[in-house]
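In C-alpha cells, one chain follows: the form predicted on its own.
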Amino acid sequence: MDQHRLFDLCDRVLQRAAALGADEAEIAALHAGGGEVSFEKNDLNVALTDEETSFGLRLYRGGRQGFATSNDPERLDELVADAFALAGASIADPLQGLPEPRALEPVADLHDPALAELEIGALTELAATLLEGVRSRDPRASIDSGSCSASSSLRVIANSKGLRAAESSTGIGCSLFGMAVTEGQVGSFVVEGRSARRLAGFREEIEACAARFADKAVALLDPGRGRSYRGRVLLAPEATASFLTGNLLAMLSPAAIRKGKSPVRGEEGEEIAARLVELIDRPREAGRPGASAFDREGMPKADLVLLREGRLVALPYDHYEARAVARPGGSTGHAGGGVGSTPLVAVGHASLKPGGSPLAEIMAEAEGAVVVSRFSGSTNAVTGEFSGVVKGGFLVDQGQLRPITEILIAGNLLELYRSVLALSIETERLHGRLDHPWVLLDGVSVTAG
C-alpha cells in the first residue's frame, strides 16, 4: 500500500470521527511486510512471509479517551465506533489531548530498496550462512533457537489538528540463542544478534554474529566456583545496556517521578551518578536501526542529554506527561509504542558515553572481580534495590577471564551509579542501535553458590 492510499484511509477515519462528535482524533497506521526464517536445534525450521496493514485510533470526547485497533481497511467505520464506545466508558482526564503539529526533518538512510525487494529464498540463504558460520567456527557451539528476518514498512500518523507525518523504513536482523555442548557438559546460555537498515554488508554482519556466538558459548565451558565478597564488579556492554542503563531509564520516567514512585526527584542538576557518567539519547542517527524522524505522536525526535557529569539535565516527555508538569517546550519527542497501543514515554537509543580508560587498564583494576555478562533478576524501581543471578559470568584472574558458575549479586542501583570507577574507551554496538562501554563499579554484594 502506498503513502497516498494510506493517508486517504486515515483522513476518512478522522472525518468520520469528527462527524460523530469527537473533540480530537488521531490515527496511526502501519503497512508492513517481510519474511522470517527461524532456527531450532541447529537447523532451519520454518520460513514465513507476512504482509499487513494496521490502524490505531485514539479520540477524545469531553476529556474521555477511546482507543481501538484494526487490521482490516474495509472495516474502519467499525474502528471509529469501537473507539467511541470505549470513550463513553472511560473516566474524564483534563490532561488528555493531542499535540499541535511541528516541523519535521527526515532522517537519512532509513529505507533500502534492495532490502525491500529481498525474497524469502535469499533470506533463507542468509540464514543458512549463519548456521554454517557457527558450525565451522566451533562444532561445540549449539543453536537452540534463533532467526533471520527482514521487513519493509510505511508508517503514517495524522490528527485532527493538522498533523501529518510519514516515514518508510527497512530492517534486517539475525539472532541466536544457545550454548556450547561437549560430552557430559552443557555450558551456560548465550545470546547474540545483529541488525541493520541495509542489505549491503549484512553478510559480513552474519559472519561476525556466528563467530561471536560460538566464541561466547565455548568460553563458558568448564566453569569454576566464584567467590563471595563485597566490592568491585565489571559490567560487559550487554549488561551495561540491559541492567545499568535500562533500569535507570525506568527511574527517570516522568510518570514515576510525578507519582512519587521513583528514588529520583527529577530536579535539574540532581546528582545521580559519578562525574564520569554521561547518558545521551540519540534517536536520529542516519541508518541506525530504530532511528526515526518522529515519535508515536508525530512529534520530532532530537538528541537529548539525560545525564551530564553525573547530574540530571533533562527528562524524556510525551505530550501527556509534558502537560502534567506544564513543561514550556511540550513533548521532547519521546512518545513510544506502536499502532496497537496508546503512547507512553519511551527512550530507545540511550547510551552511556565511553570513558577514557582502555579496557586492559580496567581489567587490571578489576583483578579478582566478577564480570557480569548477563543479569537475571529484579530491580525495585521505587527504591533502586536489586538482586539476581549473574549468568555466563567470569572472574578476572591474573588478567584473564575465567568462567564461573552462577552467583548472586545485590545492591542499590543509584549507589552503583555513584560508585562508577571507570568506563572503557572501547564500546560495543548492541543489536545495531545501542553503544555501551565496559563499566567498573564498586559496592556490590557478591555471593557464590
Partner chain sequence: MQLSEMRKVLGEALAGQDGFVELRWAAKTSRGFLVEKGKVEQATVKRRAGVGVRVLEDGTWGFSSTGSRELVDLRAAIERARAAARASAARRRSKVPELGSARLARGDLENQDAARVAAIPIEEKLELARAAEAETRAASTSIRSAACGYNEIDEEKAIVTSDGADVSFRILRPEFRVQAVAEKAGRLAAANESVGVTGDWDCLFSGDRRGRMIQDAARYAVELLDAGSPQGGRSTVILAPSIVGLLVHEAIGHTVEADFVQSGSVARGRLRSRVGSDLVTLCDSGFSEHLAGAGGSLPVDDEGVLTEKTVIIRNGILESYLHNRESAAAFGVAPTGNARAWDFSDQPLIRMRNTFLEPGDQDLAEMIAGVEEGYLLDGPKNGQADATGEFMFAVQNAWRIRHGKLAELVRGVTISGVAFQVMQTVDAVSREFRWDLGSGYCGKGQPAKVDAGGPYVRCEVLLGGTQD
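Numbering follows the first chain given and starts at 1. None of these values were measured; they are calculated from a predicted model.
In what follows, reference is made to the form predicted together with its partner chain, a form of this protein that is not presented.
S.K.: Hey, in the model of the complex, does L6 get a heavy atom within 4.5 angstroms of its partner chain?
M.R.: Residue-level check for L6: no, no contact with its partner chain.
S.K.: Decide whether G260 counts as a contact residue for its partner chain in the model of the complex under a heavy atom distance cut-off of 4.5 Å.
M.R.: The answer is yes: G260 has a heavy atom within 4.5 Å of its partner chain.
S.K.: Would R135 count as a contact of its partner chain in the model of the complex, using a 4.5 angstroms cut-off between non-hydrogen atoms?
M.R.: Output for R135 is yes: heavy atoms within 4.5 Å of its partner chain.
S.K.: With a cut-off of 4.5 Å between heavy atoms, is A364 one of the residues that contacts its partner chain in the model of the complex?
M.R.: Heavy-atom contact with its partner chain at 4.5 Å: absent for A364.
S.K.: Is it true that T124, Y320 and S376 each have at least one non-hydrogen atom within 4.5 Å of its partner chain in the model of the complex?
M.R.: Yes.
S.K.: Considering non-hydrogen atoms and a 4.5 Å limit, which listed residue (R102, R275, R230, R164) is close to its partner chain in the model of the complex?
M.R.: The residue in contact is R230.
S.K.: Only one of G355, P316, P289, G187 has a non-hydrogen atom within 4.5 angstroms of its partner chain in the model of the complex; which is it?
M.R.: None of the others qualify; the residue that does is G187.
S.K.: Based on heavy atom distances of 4.5 Å or less, which listed stretch (109 to 117, 141 to 149, 194 to 202, 156 to 164) is in contact with its partner chain in the model of the complex?
M.R.: Single hit among the candidates: 141 to 149.
S.K.: Which residues in 62 to 89 have a heavy atom within 4.5 Å of its partner chain in the model of the complex?
M.R.: Residues within 4.5 Å: Q65, G66, F67, A68, T69, S70, N71, D72, R75, E78, D82, A85, L86, A89.
S.K.: Which way does the C-alpha gap of G266 and R282 go in the model of the complex, closer or farther, given it changes by 3 angstroms or more?
M.R.: Distance between the C-alphas of G266 and R282: longer in the model of the complex, by 3 Å or more.
S.K.: I want to verify one pair: E267 and G330. Are their C-alpha atoms nearer or more distant in the model of the complex compared with the form I supplied, knowing the change is 3 Å or more?
M.R.: Farther, not closer.
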